[in-house]
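Next up: a single chain in structure tokens, the form predicted alone.
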Amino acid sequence: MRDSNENLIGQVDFETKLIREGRAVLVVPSMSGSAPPSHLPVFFNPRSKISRDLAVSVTAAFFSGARDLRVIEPLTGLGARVIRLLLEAGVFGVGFASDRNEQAIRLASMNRELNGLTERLVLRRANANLAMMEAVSKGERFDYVDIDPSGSHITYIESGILATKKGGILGVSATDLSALSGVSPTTSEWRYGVQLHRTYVLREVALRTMVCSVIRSAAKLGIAASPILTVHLNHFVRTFVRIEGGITKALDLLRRLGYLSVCPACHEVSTANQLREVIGRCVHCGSEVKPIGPIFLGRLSSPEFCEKLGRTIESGMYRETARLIYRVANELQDIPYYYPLSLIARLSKRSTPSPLKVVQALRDAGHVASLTHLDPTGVKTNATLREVRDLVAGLH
């Protein structure tokens, strides 16, 4: 991939300031942090620092011991993520980045020079899909591809999958949480091909819808995209998937797609592998339930990888990320929903109990249970909602 920004190096026509993020020194628009990112001349969101921390930490752990790997960020903005990956992950030799915004490439050029990466970072003004597919057409692929759009990831996902080497990883973010979670069911249907509606598990649904879309897109190409880490934070969802060849592996992932149903009356949850298996009436109260799906019902994160990540992460430098990984590592991955204790408290007209006490009480009663990073009052368990309510009542 050739650097085509020689004529774009120079001053930008807006005010800037210097910030430090991780080991990078960055020139950013002076309004960063005080104005919506979409209103800036070059998109940059300071609140997404943890997303960039995650990318650095995940690639450092996954590729531990490797050197001179290749990374591409096709929606680079001012280059913060790719620059930090080159400076901090310790595994990348060269990076490639593109953006269709001329001002973004100018700013990224300044940041490249400021961080001493002139020889290691290739910049190009280009559409994201074009940048990735031109590389693919030349037989070039990348060990790590990072897609971090403002809005939906769906436009870029197939190009990102094809641009990732077999055995490499693809990192994907999305901020269109209303469509992914079912708050905007019409958009959910036309954009992702799923039937969703608003429920109290909307954060989990958002994650599982996103992973489903990545798995389906990869399977169409005869590729398996296995999630190794998936999180919901603030204004975005993010997943990291391992890219592998083979129809058998792709089909195995497709078989883990299925449906949830949440009773609108008694709030009980059930799962089904096929749409025809979704119960039309709640077995607990007889109310009509609607399907949610297809979504991914398998493990959103690999416990083995989370353990490795937890051992290798620099907790001093990435403190917030270390706390997040600890929560995810201790979260049940085989239960595709959770119960918010705040909901149970409202239903029971009681104060919200301690989630830790409820988890321990559920375990003492013979159930599996854990906290979840998705909700500070959320509990994952194989107990029914009625059983949890009865147990909570006994704690007061």
Ligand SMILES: C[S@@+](CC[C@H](N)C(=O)[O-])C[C@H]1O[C@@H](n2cnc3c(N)ncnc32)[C@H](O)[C@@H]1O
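Bear in mind the structure is a predicted one, so any value in this text is a computation, not a measurement. All residue numbers are counted from 1 along the displayed sequence.
Not on display, but discussed next: the form predicted in complex with the named molecule.
Visitor: Find the only residue in Leu300, Val201, Ala128, Leu253 having a heavy atom within 4.5 Å of the named molecule in the predicted complex.
Guide: The residue in contact is Ala128.
Visitor: So which of Tyr156, Phe236, Tyr318, Phe305 gets a non-hydrogen atom within 4.5 Å of the named molecule in the predicted complex?
Guide: By the 4.5 Å criterion, the partner-contacting residue is Tyr156.
Visitor: On the criterion of a non-hydrogen atom at 4.5 angstroms or closer, are His267, Ser354 and Lys380 all touching the named molecule in the predicted complex?
Guide: Heavy-atom distance to the named molecule in the predicted complex: none of the three under 4.5 Å.
Visitor: Looking at the partner-bound form in the predicted complex, is Tyr338 within 4.5 Å of the named molecule by any heavy atom?
Guide: Flag for Tyr338 set to no.
Visitor: Look up in the predicted complex whether Asn273 has a non-hydrogen atom within 4.5 angstroms of the named molecule, and give yes or no.
Guide: Although the named molecule is absent here, Asn273 would stay clear of it in the predicted complex, with no heavy atoms inside 4.5 Å.
Visitor: Classify Pro74 as contacting or not contacting the named molecule in the predicted complex by the rule of any non-hydrogen atom within 4.5 angstroms, answering yes or no.
Guide: Yes.
Visitor: If you check in the predicted complex, is Phe43 within 4.5 Å of the named molecule, heavy atoms only?
Guide: Contact check for Phe43: yes, within 4.5 Å of the named molecule in the predicted complex.
Visitor: Where, among 220 to 228, 93 to 101, 114 to 122, 283 to 291, do residues come within 4.5 Å of the named molecule in the predicted complex by heavy atom distance?
Guide: Every other range fails; the passing one is 93 to 101.
Visitor: Can you tell me which bits of 139 to 156 touch the named molecule in the predicted complex, meaning any heavy atom within 4.5 Å?
Guide: Stretch hits, in order: Asp148, Pro149, Ser150, Tyr156.
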